[in-house]
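First, one chain by itself in structure tokens, the form predicted on its own.
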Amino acid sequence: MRTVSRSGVALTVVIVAGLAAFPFVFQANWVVNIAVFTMMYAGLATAWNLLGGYSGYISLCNAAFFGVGAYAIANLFPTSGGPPGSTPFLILPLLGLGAAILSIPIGWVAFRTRGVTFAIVTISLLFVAQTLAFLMRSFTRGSQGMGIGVPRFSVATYERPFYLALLAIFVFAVSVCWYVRRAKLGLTLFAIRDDEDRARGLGVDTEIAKLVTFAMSLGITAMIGGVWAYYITYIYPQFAVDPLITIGMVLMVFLGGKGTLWGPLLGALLLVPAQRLLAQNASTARWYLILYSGVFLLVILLLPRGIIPSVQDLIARLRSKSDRDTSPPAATVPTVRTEVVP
């Protein structure tokens, strides 16, 4: 097992401390509102990266479990029940565990396929879930939407508890990713990404590894969906189970760096504020879709590995060139000319 570097620990402390201090330093409601959605997508992208980045399986059904978490909170804390306070935050671990268990039979079916077929199967599951959200009126109230008890938080700092809750989930997701990378499960996922048939031939239990990772990823996603629903207090099927949520989290992972620890956070920091600022103006509310398309093209053409891996490669090349330039010249051995005397 690799040792923990001091620079890595220091970087983690600085990032988490900076994120935790943000809503106390920048207290304007509209700024913290943008930060809430940025942290939401950072957590979603990190959860997706756990499966998509480490194993190479492109899952497109995550937004379905985002909706599962949202509707679970809506049913547990309806409008008629009064202000629920901080209680929904306390049950998020149980909600995530329930979503993870629910995902196991779905994953068992989906993992009968691979590659592009797996992506098609999972996005089909997403649209099935969205259709069910419209039809299961006893659970979702259908197209009329479903309300949630309004939180008992101060108006001046209304966004802060949600931001901190999402930050806690994000830190948990990063911790899970960090542990998986260093554990046997991570080695298994990387082997699956490189050559799954060869890994199975060597006796690696790939099915269990994929199911466990799938369940962890979707459990975290459902927890974030629960916080989102409680934050906006009224949800509709087309927004709770929205394919654009999946597209957003996947794009952020690819932009920041697939399979990296901090790539999803970097992708969210670059994309979500721009998206939210465009959404605030009615004339540019849907322009973020053009933004997504442009970023996709940029990643495909210029940064196929993402920002962090590309920067790491550039630094490695510069160091290698510097080492070659500063290394002393090789000593020359004088040649001795000999003449053959007849």
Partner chain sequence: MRLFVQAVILGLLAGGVYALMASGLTLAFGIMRVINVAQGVMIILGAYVSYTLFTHFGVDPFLSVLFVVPVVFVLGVVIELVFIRPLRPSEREELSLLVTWAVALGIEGVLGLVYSTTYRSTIPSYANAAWRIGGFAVLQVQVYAFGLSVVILAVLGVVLAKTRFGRAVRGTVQNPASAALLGVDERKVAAIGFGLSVATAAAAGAVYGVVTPFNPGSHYDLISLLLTIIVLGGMGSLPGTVVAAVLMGVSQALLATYISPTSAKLTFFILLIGILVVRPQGLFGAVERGKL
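Bear in mind the structure is a predicted one, so any value in this text is a computation, not a measurement. Numbering follows the first chain given and starts at 1.
One more form of this protein exists, namely the form predicted in complex with its partner chain; it is left out here, but the text below deals with it.
Shown alone, this chain has one stretch from 143 to 151, 249 to 257, 164 to 172, 88 to 96 that lies within 4.5 Å of its partner chain in the predicted bound form by heavy atoms: 249 to 257.
Out of the listed residues 157, 238, 79, 124, 124 is the one that sits within 4.5 Å of its partner chain in the predicted bound form by at least one heavy atom. The listed set 281, 29, 293, 310 contains one residue whose heavy atoms approach its partner chain in the predicted bound form to within 4.5 Å, identified as 293.
Taken together, the three residues 135, 243 and 301 all lie with some non-hydrogen atom within 4.5 angstroms of its partner chain in the predicted bound form. Taking the partner from the other structure, its partner chain in the predicted bound form has a heavy atom within 4.5 Å of a heavy atom of residue 128. Contact annotation for residue 305: at least one heavy atom lies within 4.5 Å of its partner chain in the predicted bound form. In the predicted bound form, its partner chain sits within 4.5 Å of a heavy atom belonging to residue 117. Mapping the unseen interface onto this chain, residue 35 falls outside it, with no heavy atom inside 4.5 Å of its partner chain in the predicted bound form.
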